[in-house]
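Okay, here we've got a single chain as structure tokens, the form predicted on its own, with questions on binding and movement later.
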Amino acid sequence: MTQVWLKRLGFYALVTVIILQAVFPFYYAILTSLEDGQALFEVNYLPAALNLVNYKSMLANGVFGKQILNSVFVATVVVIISLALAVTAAYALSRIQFRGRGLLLLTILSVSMFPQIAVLSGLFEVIRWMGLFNSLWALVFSYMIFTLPFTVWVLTTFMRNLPVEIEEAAIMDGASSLTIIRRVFLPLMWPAMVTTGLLAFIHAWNEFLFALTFMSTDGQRTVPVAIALISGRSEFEIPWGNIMAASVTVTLPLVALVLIFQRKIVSGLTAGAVKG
């Protein structure tokens, strides 16, 4: 009996340590964002007062709000286009037999293995040739290079595990390929689509290198670059309170999305793990 209690105590202690390690940085960022002046440099683990001066200062000029909308637009469009293309590609790669299918799937996956810096110079020339420099569509185009292979691979694996009999019954009823995708597969693929869509959204929301390279004006920048460019009047006057307030503001939407779709995320991550 004692051994069972010791194992349970060790398990809960380990879970507590993991939760503290994951949550404490964000918690301390919230505390710092609510402090001002000399209080920023004092170590406090409980909020001394509810001071929103950093949030008011951050939103005062209106540019940061526009940059949040830029990030929302880019991330949303990337998710919609990636999922639309990935669903049709997954249907072809998982259900249609053709020569070189395996090689094509591996090629799609290998594209996402290249680091961003390796394709930055070539991609910059392509975007400038297309006339998309300093346009949000440049970010949409560049982000899809890395989100689309991932979504195609995950949805292809998920679709392979769906029963073939469902598709055969739809074909016997005279359904076309697009009808099968829309009315048969899409309702069954919601967990996988939510998971891959959320991961693609997080990648597009947090991406920094392409957003820094392809955007040249404050009105077109996204929030990661906007936070990085927050500065004071000199190098000795870094506005940590404003930086923390901006970081908390742009993190809260991601936390909310994860909490809203947590059941779908778990189902999507475990889908296909057990076949029966």
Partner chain sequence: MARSVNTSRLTRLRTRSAWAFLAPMLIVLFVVAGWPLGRTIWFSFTDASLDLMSEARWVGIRNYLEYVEFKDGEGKFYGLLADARWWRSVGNTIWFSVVSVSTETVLGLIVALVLNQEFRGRGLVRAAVLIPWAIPTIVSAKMWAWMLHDQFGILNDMLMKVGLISAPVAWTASPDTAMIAVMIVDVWKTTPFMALLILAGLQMIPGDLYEAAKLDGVSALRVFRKITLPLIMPAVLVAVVFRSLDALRIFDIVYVLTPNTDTTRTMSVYARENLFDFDKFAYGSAASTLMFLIIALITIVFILGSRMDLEGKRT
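Positions refer to the first chain, counted from 1. All figures in this text were calculated on a predicted structure; none of them were measured in a lab.
Just so it is clear, the following notes concern the form predicted together with the partner chain, a form of the same protein that is not shown.
In the predicted complex, no heavy atom of G131 sits within 4.5 Å of the partner chain. The shortest heavy atom separation between V78 and the partner chain in the predicted complex exceeds 4.5 Å.
Heavy atoms of F73 never reach within 4.5 Å of the partner chain in the predicted complex, leaving it off the interface.
In the predicted complex, the partner chain stays beyond 4.5 Å of every heavy atom belonging to L9. In sequence order, T157, F158, R160, N161, L162, E167, E168, I171, S177, L178, I181 are the residues of 156 to 182 having a heavy atom within 4.5 Å of the partner chain in the predicted complex; the partner itself is omitted from this view.
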